[in-house]
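In structure tokens, the next block holds one chain alone, the form predicted on its own.
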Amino acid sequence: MTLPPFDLHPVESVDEARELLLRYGEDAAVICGGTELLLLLKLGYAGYGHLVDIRGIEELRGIRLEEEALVIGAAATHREIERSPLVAERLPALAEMERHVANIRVRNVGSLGGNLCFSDPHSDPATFLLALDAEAEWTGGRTPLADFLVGPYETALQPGQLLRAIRIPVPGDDVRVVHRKLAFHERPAATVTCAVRVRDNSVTQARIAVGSVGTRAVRATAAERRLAGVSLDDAAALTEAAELAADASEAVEDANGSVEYKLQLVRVLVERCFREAIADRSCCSRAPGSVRTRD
């Protein structure tokens, strides 16, 4: 496999990038890490005469705390997030999730923004961030990530627009975040994230996101409502919530398995995530938040 010819345009500002994207229109694409885009080009699934390289735009990099939210620049790599002292202190579950994205080569160059803008249905970060009510900051404004990720390989970005950053509300100390997945050949086949708040031996709030089994990651809101207010020992409620999460997952049959197989994966992963989240009755968000399953 060889790359088709293209012109590479390194830029140092958002305005410069937008000007090039508008000038070349559908013959241009943004490249940051390029881990997925270059593979598409090699396979002949896409073709662009111009690639706008945004790695040199300083404002798209970095990780900072702003109004009790982690703000991660769109060009920040998975490896930078994984190793960030600020992330380790304020949201270690995010660092742990990033530690199991693909492989070290991908994490060294692949960016969080690139992952989300590519909008691959098989994505750890999309599932994780949906469960934490993350927002996308882009040149068109700020929007919930659920609205930014329109569908498979499609986002809310319009021609000439760029993703600037991802804003993640930092969970309180009474929240535990757990992310689990089943992966084949380093690509997720099923991903589930649970964020659980506990008080007085009962669930005061649960957030559940499911991804990689359908065409996009989704929030399982009916499952969340079923768990709100239940006792930590209510096994029947958890079984019902897992079933509701499977119903919400929009699973489709593909090379990873049948619809029923994927629904069962969701049921199992939701129960495991929730049980792990409440295993420590203090339910602190600073506890480890991701367990890697078989790849």
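Quick note: we count residues from 1 along the sequence shown, nothing fancier. In this text, all values refer to a predicted model and were calculated from it rather than measured experimentally.
The protein also exists as the form predicted in complex with a small molecule; that form is not presented, and the subsequent description refers to it.
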Partner contact check in the model of the complex: of 202 to 210, 168 to 176, 117 to 125, 82 to 90, the stretch with a heavy atom within 4.5 Å of the small molecule is 117 to 125
Contact flag, Glu186 vs the small molecule in the model of the complex, heavy atom cut 4.5 Å:
yes
Quick one: does Leu162 come within 4.5 Å of the small molecule in the model of the complex, counting heavy atoms only?
yes
Considering non-hydrogen atoms and a 4.5 Å limit, does the small molecule approach Thr193 in the model of the complex?
no
Tell me, yes or no, whether His78 is in contact with the small molecule in the model of the complex, where a contact means a heavy atom of each within 4.5 Å.
yes
Are Gly214, Val218 and Leu269 jointly within 4.5 Å of the small molecule in the model of the complex, each by at least one heavy atom?
no
Among Ile31, Leu238, Ala251, Leu70, which has any heavy atom within 4.5 Å of the small molecule in the model of the complex?
Ile31
